[in-house]
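Single chain ahead, by itself, as structure tokens, in the form predicted on its own.
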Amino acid sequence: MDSSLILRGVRRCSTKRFLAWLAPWAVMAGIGVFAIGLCLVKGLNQTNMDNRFAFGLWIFLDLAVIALGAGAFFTGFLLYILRRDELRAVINSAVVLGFICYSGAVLVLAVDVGQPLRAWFTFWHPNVHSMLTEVTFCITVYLTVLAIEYLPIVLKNRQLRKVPSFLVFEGELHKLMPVLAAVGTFLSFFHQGSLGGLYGVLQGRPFAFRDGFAIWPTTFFLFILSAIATGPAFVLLTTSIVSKISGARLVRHGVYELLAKISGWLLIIYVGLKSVDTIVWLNQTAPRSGINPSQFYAWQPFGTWVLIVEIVLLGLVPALIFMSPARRRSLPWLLTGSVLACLGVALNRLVMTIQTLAVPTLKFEPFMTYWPSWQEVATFLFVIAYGVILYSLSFRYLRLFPQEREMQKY
């Protein structure tokens, strides 16, 4: 039964080995479900967050996975709108990754609300002055778009294609892909920006507050740029990892090179604008608020090394790797650049979430410390386990890489 569901002409491991692969992830997910249950039943006192440190590991997770999930909408934009047909080789995988990232983020937000039975309030009683309202609506609608984009991939399953009505439905959905790509791009650009803009308008938090253009702080644009710069690198990285684990060649090397080139150009632009933003912030914005910028980095572990690592090691270095034609021809170099780029956007989201709240805003306030509880960590790991399980099932039974069967001949 299992083999009858697998696409013809591709190699997959035995059912026994596949179940052995899923087992530890299932255990991790089970522990996460227990932790989520505790938070939902007993409340947020199960976490180490409080009234002053309201954002913690979960919000960092949301920001990070949503940034990495940008590979879905940006790859779709490049393929269907800009007609980069080479990316058709990874578009299905990018959609699955995007669906995993966004559904995982929504799940964690449902727990993070604290009173999930009132989660619908944000839709029925929206605060029209809050950027989070726009983020909530955009993420919810885009998750629906991703689910619609995921459906035709599922309907291409070997057995499901035998049902004529499913085959017709899948063909009709495929015609909508350019429209869905355009809608997804519009929604994603705005909620990525609003997540950054949320921090940029916090006038009571000088570490995050920024000047901007019109009504948008610079963090609005920097979050968009960092997400679309890292998204292709994340697609490259996951494709390489899946190829290594499965032992199958999934795409031509030229696809890796194109993803790296796109990511490289966007990263170099992001690093340049991020550097300008940092200089202006340190020399004008922060002093105007009556803050000595050195205070931002006076408390450990957030020293100046964090800024250097984020901009230089995890920003400029992967950008230079991706910009070099010689480096792009080497898969190990591409993997190195991808890992650095993904770590860079994750570090940026960590700093904006944790350091923003940890740094004192008044001279008599202490440096805030925060360490997540095991329930927070278990919920975090649940999202990772959920993602691995869903992607593994998708890879085994669905056609994620159209070039795979052709590559098996070489």
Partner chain sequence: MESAETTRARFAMVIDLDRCNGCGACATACAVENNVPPARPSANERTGLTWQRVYRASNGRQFPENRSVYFPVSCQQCEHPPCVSVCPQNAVDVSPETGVVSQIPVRCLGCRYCMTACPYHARYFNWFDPKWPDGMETTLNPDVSVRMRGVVEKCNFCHSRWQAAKAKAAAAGKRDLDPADYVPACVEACPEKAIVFGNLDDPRSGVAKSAKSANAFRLLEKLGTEPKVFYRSDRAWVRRLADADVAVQEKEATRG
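Please read all numbers here as calculations on a predicted model, not as lab measurements. Residue numbers count along the first chain shown, from 1.
One more form of this protein exists, namely the form predicted together with the partner chain; it is left out here, but the text below deals with it.
This chain is displayed alone, yet in the predicted bound form one of Pro332, Gly204, Gly254, Gly247 has a heavy atom within 4.5 Å of the partner chain; that residue is Gly204.
Proximity of Tyr297 to the partner chain in the predicted bound form falls outside the 4.5 Å heavy atom cutoff. Put simply, Gly171 is far from the partner chain in the predicted bound form: not one heavy atom of it is within 4.5 Å.
The partner chain is not shown here, but in the predicted bound form it comes within 4.5 Å of a heavy atom of Thr122. The closest non-hydrogen atom of Glu149 lies beyond 4.5 Å of the partner chain in the predicted bound form. Shown here without its partner, the chain carries Gln115, Arg288 and Leu362, all of which come within 4.5 Å of the partner chain in the predicted bound form through at least one heavy atom. Stretch-level contact check against the partner chain in the predicted bound form with heavy atoms at 4.5 Å: of 24 to 32, 52 to 60, 377 to 385, 343 to 351, the positive one is 52 to 60. Using a 4.5 Å cut-off on any heavy atom, the residues of 124 to 143 that reach the partner chain in the predicted bound form are, in sequence order, His125, Pro126, Asn127, His129, Ser130, Met131, Leu132, Thr133.
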